[in-house]
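Take a look at this one chain, the form predicted on its own, written out in structure tokens.
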Amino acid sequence: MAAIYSLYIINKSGGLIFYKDYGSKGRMDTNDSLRVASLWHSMHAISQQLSPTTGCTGIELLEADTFDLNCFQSLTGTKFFVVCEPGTQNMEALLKVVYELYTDYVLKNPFYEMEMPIRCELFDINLTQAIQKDRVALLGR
């Protein structure tokens, strides 16, 4: 059983630029993944405005009965979020690794246009390795 269900990357405008499914029980079609990304972007923005604390950066963890959703927002406004099994640990660290891979293989790619969907083979390969490494570490605990 996979600890990580899916990974999303959303641009600062709320557009889905990357989605990868890692063994969800019910795989979503393209329209559903677009809706989830748009909904998360909206909830994240609303939470920043409604927060009673000053300097709130939005929702970082959403816990539900059947899944957890962990989010990391970069300084540029790009959001990285992972949907995983409830109680899965160290997702913040995984999201930071994904962000590093994004900066190394996507942003430094001269053929990548900002805010557009990510189509970079080196990013995909290294992301798959990072996810597999994380799964092995989770199974070892």
Partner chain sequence: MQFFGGSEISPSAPTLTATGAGNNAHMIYIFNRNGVCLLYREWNRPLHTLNPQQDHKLMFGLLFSLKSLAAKMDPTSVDKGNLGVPQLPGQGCSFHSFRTNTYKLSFMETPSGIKFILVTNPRTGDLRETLKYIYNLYVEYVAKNPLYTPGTPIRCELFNTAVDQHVRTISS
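The structure presented is a predicted model; accordingly, all values stated were derived computationally and were not measured. Positions refer to the first chain, counted from 1.
The following text describes the form predicted in complex with the partner chain, which does not appear among the structures shown.
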* **the partner chain in the model of the complex: contacted by all of Leu75, Leu94 and Gln129, heavy atom 4.5 Å** => no
* Verify the contact flag for Tyr105: yes if a non-hydrogen atom of it lies within 4.5 Å of a non-hydrogen atom of the partner chain in the model of the complex, no if not. => no
* To do: Using a 4.5 Å heavy atom cut-off, state whether Phe80 contacts the partner chain in the model of the complex.
  => no
* **the partner chain contact in the model of the complex: Asp32, any heavy atom under 4.5 Å** => yes
* Asked: Would Asn90 count as touching the partner chain in the model of the complex under a 4.5 Å heavy atom rule?
  -> no
* Quick one: which residues from 41 to 74 get a non-hydrogen atom within 4.5 Å of the partner chain in the model of the complex? -> Met43, Ile46, Ser47, Gln49, Leu50, Ser51, Pro52, Thr53, Thr54, Gly55, Cys56, Thr57, Gly58, Ile59, Glu60, Leu61, Leu62, Glu63, Ala64, Asp65, Thr66, Phe67, Leu69
